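Before any questions on how it binds or moves, here is one chain, the form predicted alone, in structure tokens.
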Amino acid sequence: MNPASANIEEAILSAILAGRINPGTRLGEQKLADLFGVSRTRVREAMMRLETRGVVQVSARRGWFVVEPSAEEAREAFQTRRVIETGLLQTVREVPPAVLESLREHVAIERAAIETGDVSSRACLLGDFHIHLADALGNRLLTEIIRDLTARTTLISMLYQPTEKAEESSHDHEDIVAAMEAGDLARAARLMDEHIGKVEAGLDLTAKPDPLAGLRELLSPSTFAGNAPSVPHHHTPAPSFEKKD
């Protein structure tokens, strides 16, 4: 893989995981080429790889866009995560002390971000816990798969999650690590299954995303701090119109 393409791919995926790129965002080839100092061919290579990973899609006339998963795709993504992440814990026989320490540190950072109200950091950290867990257990292939799935479920949460349940999710992570530390990996797997199930249950998959949400927010009077911008008044006399026979 070309390093430039890999950098573009990594930057976009990381931004999605951090909640900085919304579903449906247009990713212009020329702008990305200018930003990364590469050709549009290199950008297209990166986009095609992200497309195979289920993160972007292409429109023949409008270019590349971050995916907007449907309700059915959301259900499939969470079902896949439950199978993979629960199965990962079920196959582990022993968790090294260094892994447990790393996971405890991650949960502590999550808690700190929640307590300080750092919304962007906590969203990133909560999703990253699952990637970090797979990575700490030493399965590179599963880490990559879970990372892509987590990116998709991050986009899904942006579309369908009406309220943030960050504190509850962090407590779930803490309980999973505690079960691992106690050597009860069967309980850890069960808690992981319940945790992902709760996140999915918190989504309103009957709601259809509002395609005008961004524009609606921009033009809402509440977005203006203090008084709304003044409307210019023209003091020129109103034009008179001559009646034609």
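Values in this document were obtained by computation on a predicted structure and should not be read as measured data. Numbering starts at 1 and follows the sequence shown.
Although not depicted, the form predicted in complex with the DNA is the subject of the following passage.
Interface residue remark: residue 58 is counted as part of the site for the DNA in the predicted bound form, having a heavy atom within 4.5 Å. Contact annotation for residue 68: none of its heavy atoms lies within 4.5 Å of the DNA in the predicted bound form. Taking the partner from the other structure, the DNA in the predicted bound form has a heavy atom within 4.5 Å of a heavy atom of residue 29. At least one heavy atom of residue 63 is located within 4.5 Å of the DNA in the predicted bound form. Checked against the DNA in the predicted bound form, the residues 199, 38, 177, 191 give one hit for a heavy atom within 4.5 Å, which is 38. Residues of 109-140 placing a heavy atom within 4.5 Å of the DNA in the predicted bound form: none.
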